[in-house]
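Read the single chain below, which is given as C-alpha cells and is the form predicted alone.
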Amino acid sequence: MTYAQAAPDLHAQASALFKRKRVWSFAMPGLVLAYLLYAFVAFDVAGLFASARWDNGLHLIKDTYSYKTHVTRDNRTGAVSYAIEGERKGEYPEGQHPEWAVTTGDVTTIALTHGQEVRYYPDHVEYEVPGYGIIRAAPGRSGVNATLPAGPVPDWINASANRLSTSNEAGRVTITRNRTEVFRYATGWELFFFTLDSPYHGLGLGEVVTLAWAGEMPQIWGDFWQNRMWRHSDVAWALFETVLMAFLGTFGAALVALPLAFLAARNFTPLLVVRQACRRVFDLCRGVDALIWTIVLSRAFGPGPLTGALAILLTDTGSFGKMFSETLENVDDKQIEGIRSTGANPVQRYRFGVLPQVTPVFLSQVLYFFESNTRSATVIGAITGGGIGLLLTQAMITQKDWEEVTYYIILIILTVFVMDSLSGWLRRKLIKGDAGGH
C-alpha cells in the first residue's frame, strides 16, 4: 500500500479518535453535572436551606468567641444571683456583681447593649427595647402573664402562656413561672486563667508577672492549672489519653501485623491455605470500621482508653497486614540471594536481606497511620469514655459552653499539627538519616 493510499485511512482513524475524545470531554462533565443535580433534588437541598435556622447558627458562632453572664432571679423568693455561663463554679461571691447590673432598693436594673434594659421588680419584670417598646411580664402560678407592645410580634420573641423568651443582638431573656434569666454576652473567654475566687482574677499581665517574679509562681500556676471552670489539668490528661490510644493501637497493630504479613506473602509462604487464612483475617479486621469495633469491645471490656486502643489495633492490623504483605511480595530477590550465598540461615536472610528493603516503607506507613489515628482517637474516645473526645462530647451536649468546644477543637488541631511535625521528623531521621527540615 502506497502513502497516498494509506493517508486517507490514517486521516479517518485520527478523525474518529479525536471525535471520541471530544464526546468524552463533554460527556464526563455532563454526567458529573447530572449526578450533582440528582443529589440536589434527592437530598432536598433547597428545602434544607429553606428550613435552616440561621439565627441559631449565628448564636452558635457567637458562643465560640464570647461568654454569657447569667443574671437569674428566683421568682418565688426574689433572690438574684450572678454567674458566668450560669454555672455554680462561675458564680459571683455574695455582695459582688457585674458593674452593668445595679440593685437599688427592691429593683435590679440590668443594662444590655444597644440601649436595652431589663428591670426586676418585686412583682413583675420589664424589658425595654428602644424602637419596640416595653415588654412586661408578671410571673405567677397562672403563667408568665406577658404583655407586649401593640402590633405584630417580632421574630425574636417567642411567647406562650408559661414561657417568654427573646433573643437578639443585645442578649437573651427567658421568663418562666419560677425563674427569670438574662444572658448578657461579652467577647472573650472569661475565667480562662483564673476563677472569680482566685486572688489573681482581674489582674493585668504585668501584675501577674511581677507577683510571679516575687515568688508567687507556684500559687499562680496552681490557680491556673486547677481552674474549676476550664479544667486545664483534666484537659491535658485527656489529650495524653487520646495520644496514648493512638500510639498503643497503631504500634501494637504494627507488631501484630508484621509476622502475619510474612505468612500472607506469596514469596515467603508457599502454602496457599496459610496465605488465604491470613489474608481473610486481615479482611475481617479492616473490613469492620474502628467505631464498630469500639462499640463491640466496650461491651466486652467496658469503657476506657484501653478499649479505644484495642479498636484501633484491630482495624490497623488488617490494614498493615495487607500493606506489609504486598510490600514483602515486591522485595528484590537478588539481595536475598546474595545473603543466602554467604551461608546465612532463613532468619539471617530475613534480617539482612528483607528487612532493610521494607523498613523504610513500613515506618512511613506506621507513622502516617499514627498521625491519622490521633484524629480518630478523638471520636473513639467519645464512645469509650476517654480522652479529649469525652470532654468534647460533654461540652457539646450541654448546649451552653460552646467556647469550651472551641477550646477543645483548637487543642485537637494543635495536637494533630504536633503529630504531623513529629512523624515527618521521624521519617526523615529514621528513613533518610536527615533530622533537618529540608
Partner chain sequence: MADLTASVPGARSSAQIRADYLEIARRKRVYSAILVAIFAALMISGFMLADSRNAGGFWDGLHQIFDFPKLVIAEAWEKRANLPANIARYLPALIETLNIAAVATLIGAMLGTVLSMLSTRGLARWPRAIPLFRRLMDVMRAVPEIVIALILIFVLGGGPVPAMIAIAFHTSGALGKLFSEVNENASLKPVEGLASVGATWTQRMVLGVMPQVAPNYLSYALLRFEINIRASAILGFVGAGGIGYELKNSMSWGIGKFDEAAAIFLLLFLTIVGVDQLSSYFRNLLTHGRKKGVFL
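If you're wondering where the values come from, they're calculated on a predicted model, not measured in any experiment. Positions refer to the first chain, counted from 1. Definition used throughout: the rigid core is the maximal C-alpha set that superposes within 1.5 Å between two forms.
Separately, the form predicted together with its partner chain exists; it is not shown, and the next lines address it.
Partner contact region in the model of the complex: 250-258, out of 72-80, 104-112, 250-258, 147-155, criterion any non-hydrogen atom within 4.5 Å of its partner chain. At least one heavy atom of F417 is located within 4.5 Å of its partner chain in the model of the complex. Looking at A300, you'd find a heavy atom of it within 4.5 angstroms of its partner chain in the model of the complex. Proximity of T378 to its partner chain in the model of the complex falls within the 4.5 Å heavy atom cutoff.
At the 4.5 Å threshold, heavy atoms of L310 reach its partner chain in the model of the complex. Proximity to its partner chain in the model of the complex, taken as a non-hydrogen atom within 4.5 angstroms, holds for one residue of V296, A236, L211, A186, which is V296. Annotation for 266-288: interface residues with its partner chain in the model of the complex are D283, L284, R286, G287, V288 [heavy atom within 4.5 Å]. In a rigid-core overlay of the protein, I409 has its C-alpha displaced by under 2 Å between this form and the one not shown.
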